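Before any questions on binding or motion, here is one chain by itself as structure tokens, the form predicted alone.
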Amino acid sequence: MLDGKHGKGVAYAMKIQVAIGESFDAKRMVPITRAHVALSNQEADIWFAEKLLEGGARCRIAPTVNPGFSLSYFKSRGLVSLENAAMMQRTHDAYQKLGAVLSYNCTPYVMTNVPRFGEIVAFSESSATPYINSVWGARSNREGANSALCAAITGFVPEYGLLLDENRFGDILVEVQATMDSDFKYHLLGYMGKKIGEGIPVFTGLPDHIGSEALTNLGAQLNTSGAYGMYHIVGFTPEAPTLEAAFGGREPARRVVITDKDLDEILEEISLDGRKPVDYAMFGCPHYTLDQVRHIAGRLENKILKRPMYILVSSHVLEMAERMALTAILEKAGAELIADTCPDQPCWEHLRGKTGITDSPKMAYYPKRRGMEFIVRDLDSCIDAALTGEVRQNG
């Protein structure tokens, strides 16, 4: 591949991967069986994909891909410029020709691209890497969008980092003394990256059962507040049956305690003042599951929203919601279920300067550059705010 026997595009991809491997002192390349590419629908991303395509590259391992925005939804409502629509179309065309799975979903690890324990994969997307390493026990480094695409094209990655046994043990003991009684609390726990510090955290004190939504929230916010490829939950995640196993028999480099006060303080830090008027509610960063959509539909049945509500989901969840008549309930209330879309996209220009409410600190963080500001609250408080137009001060 490196010598060009499989074409210029493949050689270019392998050249990049060899350089990455050399920078981490990797000794060899190893094959992968899955990939996920966090495409960004931006000029540099499209330039890179088109360069590989023009060189004759095609994906040996068909990767799932992150969302840009739904062309059909936003074009039909006149909410996106011709320039930005053309950019999304170019993105679609390039990845289609490369042979990607056009899932446009940031949580493929929950349903559509789920690796088995020990499987070597190449996943980009901030919430994906900690989930597949920690929850499933598969193996991926924190790939960038471009390096994950290179891996999908060559079918190989350099062997370093979290692909190696010795690098998957914990470094930091995180004793959770907070009351973890909702999925929202895992958003806040994940946002404690500054206090947790660099390394692989090992959590203790969490409930015996933790749902996929809570785990998604934890990983997403760990990589918004910091940079984490993996974590362990003692007695829960597969590589941490005991504290000793999680640390590989070593002592923790440091200990951190997280209390209810810590979670309250981080919420106050990341959220706008809740006394501001709310213009809209937005959920789904990462994309919402069917269960989360069902919960909102149950809260909104036979009610009318005072503020617009946007719920971002995968196309699979949208299809299920339509089959189950959840979409009809939501639309009657004034909520919109939108597939294939990320909040950090130019399609939201009409919300610039307005104040939203969301349950996701990640959603509150990234769209700031687009002039979108958010109050952060738990899901039910967000729903109440959209119903009344006001934020409960004890929410």
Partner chain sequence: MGKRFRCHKISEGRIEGEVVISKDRVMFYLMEPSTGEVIEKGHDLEGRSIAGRILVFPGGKGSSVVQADGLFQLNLKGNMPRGMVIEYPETVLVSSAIIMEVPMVDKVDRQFYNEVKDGDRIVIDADGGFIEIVD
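Note that the coordinates shown come from a computational prediction; the quantities given were computed from them, not determined experimentally. Residue numbers count along the first chain shown, from 1.
Missing here is the form predicted in complex with its partner chain; even so, the following discussion is about that form.
Under a 4.5 angstroms non-hydrogen atom cutoff, its partner chain in the predicted bound form lacks T33 among its neighbouring residues. Among residues of the shown chain, D264 is not one whose heavy atoms approach its partner chain to within 4.5 Å in the predicted bound form.
For A328, no non-hydrogen atom is located within 4.5 Å of its partner chain in the predicted bound form, even though that partner is not displayed. The closest non-hydrogen atom of Y160 lies within 4.5 Å of its partner chain in the predicted bound form. Contact annotation: of the candidates S134, Q221, S124, T107, the single residue with a non-hydrogen atom within 4.5 angstroms of its partner chain in the predicted bound form is S124. In summary, among the residues N84, N146, T237, N113, the only one with a non-hydrogen atom within 4.5 Å of its partner chain in the predicted bound form is N146. Per the 4.5 Å heavy atom criterion, its partner chain in the predicted bound form is contacted by stretch 135 to 143, the sole one of 252 to 260, 179 to 187, 135 to 143, 97 to 105. Three-residue candidate spot S23, E198 and Y366; every residue lies within 4.5 angstroms of its partner chain in the predicted bound form by at least one non-hydrogen atom.
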